[in-house]
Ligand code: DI6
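Only one chain is given next, in structure tokens, and it is the form predicted on its own.
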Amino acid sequence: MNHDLLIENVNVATMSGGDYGILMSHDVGVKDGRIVDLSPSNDPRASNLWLTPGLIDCHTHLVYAGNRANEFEARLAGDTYQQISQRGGGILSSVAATRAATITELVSSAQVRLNQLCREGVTTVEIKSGYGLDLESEGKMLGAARLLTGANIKRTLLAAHSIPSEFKGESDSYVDQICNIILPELAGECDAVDAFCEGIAFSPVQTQRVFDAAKQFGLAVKLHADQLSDLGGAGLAAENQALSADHLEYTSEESVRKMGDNGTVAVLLPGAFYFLRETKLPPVEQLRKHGVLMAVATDHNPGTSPCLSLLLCMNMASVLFGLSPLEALLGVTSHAARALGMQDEIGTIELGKRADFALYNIDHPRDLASRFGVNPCVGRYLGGVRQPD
């Protein structure tokens, strides 16, 4: 067979079929952007390179303006996330800066961040809006995400991220704005709809209204759930067949059971847990018990997780949350693909799937989670095309 690309004599972690799905010393053939051949290599030399599926960062807020390092200082001095938000900091600080920025400025800064993620082998990134909180600015954010290059981008509308200052004390009216104006106008510009179900943001009833509006346009839903308290957000997400419920530190076992029953992926965000110095761990053992797939993401954002290393988040997920190195790698490949509804296209190395790969100089795939502070990525492919370093 004629190949557009033939990667010869590499060890492959397919991330399918149990364990890491290891194929030692194989050739990988690509045609028209798809994997068409996985064959044992004729090269007698042992390979020192490992090919994995391209990594997937399935929860980021990569497009924004402004800087919130002052909040880091405030938290170290004893302020809580909630206190900072109540005096106009937090998300609303980023909203003011993002509304004032041009789309060119947003693209320029976000491209730098995306490039940093890609250097470690990331090939797919989900980017949420949510720092605009009005029609024009939310559209500007989604438009900026569309213009980014170097990775596959999934765009999520997160207008229900916080209540903008002009709707202070009128959260139901802002939900009306989302459901009747923002979402209908921007439905064609996004792949999914998200919300922040929390005491400082939106109630379960308001979240359900946003979900109902999203479904009218055939959009998938997902949810920031149970990060600071248990409002039953993860269970609500599962009842709505959400792709994922994310954060989950305070999620009850009943909500976990619903996630397992409905196939909703748990997206764990150890960067935010670490940066906020949280102590309440997500219920990993319960997630395992009820068969809930666990993804891992950076949650990159300017205020609570300014992390641009998915490899570091894999290590954090293992050290802080107790995931095995295998679970951590599944969390940024196969399970992350499911969290985006893309499991038929990416996340594993299988015949017919998209040829998105990362190439690493490591001894074993477990090294990707066990080592930190290093970047062993030596190559990255999108649709079978080698990407610049």
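This structure is a prediction, so every number in the text was calculated from the model and none was measured. One-based numbering along the sequence shown.
Below: the form predicted in complex with the named molecule, not depicted.
At a distance threshold of 4.5 angstroms between non-hydrogen atoms, Thr156 is out of contact with the named molecule in the predicted bound form. The shortest heavy atom separation between Arg68 and the named molecule in the predicted bound form is within 4.5 Å.
When contacts are judged by a 4.5 Å heavy atom cut-off, Tyr81 counts as touching the named molecule in the predicted bound form. Among heavy atoms of Tyr131, some come within 4.5 Å of the named molecule in the predicted bound form. Contact with the named molecule in the predicted bound form, defined as a heavy atom within 4.5 Å, holds for exactly one of Ala151, Ile91, Met314, Val175, namely Ile91. A single residue from the set Thr98, Thr124, Thr304, Thr251 has any heavy atom within 4.5 angstroms of the named molecule in the predicted bound form; that residue is Thr304. Screening 221-229, 135-143, 102-110, 255-263 for residues having heavy atoms within 4.5 Å of the named molecule in the predicted bound form returns a single hit, 221-229. Of the residues in 238-265, only His247 comes within 4.5 Å of the named molecule in the predicted bound form through at least one heavy atom.
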